[in-house]
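Subsequent text provides structure tokens for two forms of one protein chain, presented individually as structure 1 and structure 2.
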Structure 1
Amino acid sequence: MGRRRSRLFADLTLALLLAATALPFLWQLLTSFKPEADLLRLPPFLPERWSIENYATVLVHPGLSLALLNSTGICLIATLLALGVGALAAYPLARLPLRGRGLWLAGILGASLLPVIALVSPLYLGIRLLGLRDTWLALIVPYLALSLPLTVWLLTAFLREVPREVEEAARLDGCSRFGILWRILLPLAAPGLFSTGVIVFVFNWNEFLLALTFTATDASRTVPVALALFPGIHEIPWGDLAAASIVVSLPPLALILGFHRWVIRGLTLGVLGRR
């Protein structure tokens, strides 16, 4: 009886947490379908007349469409680079008899704790000196640098879970270190690789401060900056803003839903490996 009550309490707590997490998204979704005349009138909470006018306005907005393209390209390139470089750094930390492995991991974790705002000024001066401001490269390089500590930390934990017997058998067959990593370890740690990639992609997708500082025009602005600049000068188009927030949430949401099995397997593998 006590175990059943504990299970019921855990289920109710989880349901409340899920509801609290989904409520802002649900509110934005309902707002996006309300006509302008009904936006500031409560109740009712549900739209009396469902309208897609807000989405029609958003989808023809050139700045938002270009921001979606910029965010997708920048975040995808930065994520792929982070996975490639992170795998090369995680392999010796996870598989080789490296001295001071704990200190290396602690240093990597400490680097990820640096506040981004403390890095904005030197990064801005360097980017302006190189003439890279308002380009994709001005965001790809900082995103790569900021996501590498998390990538290396996660991939190190995932690569540790691959049985060493597999690696030893490959070495006996004459496979090189790079071949072992590319052909054996990464395929076996694919769930962890996918889960790390999704986490890094979403992290880069939501980044705002660097994107605001290093971009100046629609040519390189990302989604968070485009949303921040979306409101008008004299009034805030709440319906259009809600529709825009739903539209820009679809790519990372589709990514998570499309790879949710890999993400869950990867995160479960990481949790079990740390026990």
Structure 2
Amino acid sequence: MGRRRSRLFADLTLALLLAATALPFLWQLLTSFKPEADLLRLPPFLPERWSIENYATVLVHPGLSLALLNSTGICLIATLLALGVGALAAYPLARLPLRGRGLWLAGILGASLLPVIALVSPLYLGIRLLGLRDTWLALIVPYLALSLPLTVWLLTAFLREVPREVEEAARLDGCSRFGILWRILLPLAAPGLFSTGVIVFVFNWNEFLLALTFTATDASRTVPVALALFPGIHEIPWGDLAAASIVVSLPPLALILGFHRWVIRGLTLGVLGRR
């Protein structure tokens, strides 16, 4: 009896906590479907008339659609580069005899503790000097670098999980080291590679400080900056902002929720070293 009651209590508490967690998002979702005129009149809390005019407004707004294109391109390229460079570095850290392996790993991971504000001014001066301000490259290279510590760390953990015997067989067949990594280890570690890619892509998609500093126009502006600078002519256009928030959240949401098992496995293996 006591057991059943305590389980019911736990279920109820969980349901309440989940509702509280989802509330800000659900409210934004409801708001995005309300006509602008109905927004500030509460109650009713649910839309009386469902409307997609907010979505129509933000999707034809060039700032947001170009930002979606910029974000997709920049984050995709940076993530793929990080996976490539990261896999190369993870191989010796996981498999080859290397003096001071622990120190190398600690040093690479330690880079992720640096506050971005400490990097932003020298990077800004360098980007200005090279004439790269407001280009994709000005964000791709920093995003690649900021992703690398986590990528190397996660891929090292994933590569370690591949049984050594597979590798030995390939070596006896005369496969080069690069061949072993490319043809044997990476295909076997593909799920790890994929979950790392998802995590890194979402982090890059959401990055704000560098994006705000290194972009100036629609040529390179990413979605968090476009959303932060979303124009309001007279008053704050809450309905448009809500629709824009939902639109820019869809890619990371779909990735994280769609692949949440893989993301969780990657994260716990990477951070806690075990699963």
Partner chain sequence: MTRRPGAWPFLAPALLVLGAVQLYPTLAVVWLSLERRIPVFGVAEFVGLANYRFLLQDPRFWQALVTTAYFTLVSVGLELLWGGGIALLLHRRRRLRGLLLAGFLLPWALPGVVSAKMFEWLLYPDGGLVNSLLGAAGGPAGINWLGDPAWAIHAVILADAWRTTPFVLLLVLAGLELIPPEVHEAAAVDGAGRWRSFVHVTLPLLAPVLVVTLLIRTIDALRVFDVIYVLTGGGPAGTTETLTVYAYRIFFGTLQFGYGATLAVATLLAALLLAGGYLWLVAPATRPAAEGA
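Given the structure is predicted, the values throughout are model-derived calculations rather than measurements. Here, rigid core means the biggest group of C-alpha atoms that superpose within 1.5 Å across both forms. Numbering for residues begins at 1 and runs along the sequence of structure 1.
The first of the two standalone chains is derived from the form predicted alone. Relative to the larger rigid part, the smaller one turns by 12 degrees between structure 1 and structure 2, according to C-alpha superpositions. Core superposition gives Thr21 a CA displacement of 3.9 Å between structure 1 and structure 2.
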